[in-house]
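First comes one chain, alone, set out as structure tokens in the form predicted alone.
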């Protein structure tokens, strides 16, 4: 891979994401486009997010119950599941589901507009394509991914409770008491920060890949695939970096 094209691509991505974010605070405000994107990203993703979160919570509880039972520590299922879901698994799973559905949709939609010269038409009429196309999708991701993450965490905890109570025969009172014990500022803050970063990355990467679409249907397939792949890679990397930073900021020793 040549260095110059890579640096040029990184520069273009930075400028697109930067101007897309600044567009949130500058006129004109495309409220209709933003609400449409929020509906697509939020309400349209709720069912699949709920389904995935439910079975993730159930699988996690089932595995932990089997391991903790050997040590005689089944009463800690709620605590371990709660910390794992709130701090780590919940935000990452929500971001991955969001990437597969919403991120791919963003890239393919903008890519289709590039192939059909609709983006050039916006420029002809004096409309900023980044302000019109990127900013509404960025706002929708920044608002709806955290909301979906919160709902997904709750559904995962319910799924984990079902396994703990009806499969592992643990007291529901003990489970929910230990879950409430982990809902402190440090855990909630750690789990709440990540979706905002993930949402920003997913929207920025997906829109950038859409704008770089060339070559008809084959190019559209390539840009959509690249958007999903790059978003997943950046989610995993940024999750590690954020986890390390938050552990240091919140005073955990590792």
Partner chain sequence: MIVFDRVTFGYNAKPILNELSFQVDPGEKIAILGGSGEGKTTILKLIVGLIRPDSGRILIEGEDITHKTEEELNDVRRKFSIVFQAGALFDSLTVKENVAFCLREYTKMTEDEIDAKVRELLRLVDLEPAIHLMPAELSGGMHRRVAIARSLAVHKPIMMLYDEATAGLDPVNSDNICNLIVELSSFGMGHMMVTHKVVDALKVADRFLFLEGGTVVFDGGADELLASSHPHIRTFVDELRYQPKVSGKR
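Positions refer to the first chain, counted from 1. Because the structure is predicted, anything quoted here is derived from the model rather than measured.
Beyond the structure shown, there is the form predicted together with its partner chain, which is absent from this document and is the topic of what follows.
Comment: 111-119 is the region of 159-167, 111-119, 77-85, 145-153 lying near its partner chain in the model of the complex, near meaning a non-hydrogen atom within 4.5 Å.
Although the partner is absent here, residue 124 lies within 4.5 Å of its partner chain in the model of the complex, judged by heavy atoms. Interface residue remark: residue 101 is not counted as part of the site for its partner chain in the model of the complex, having no heavy atom within 4.5 Å. Interface residue remark: residue 40 is not counted as part of the site for its partner chain in the model of the complex, having no heavy atom within 4.5 Å. In the model of the complex, its partner chain sits within 4.5 Å of a heavy atom of residue 30.
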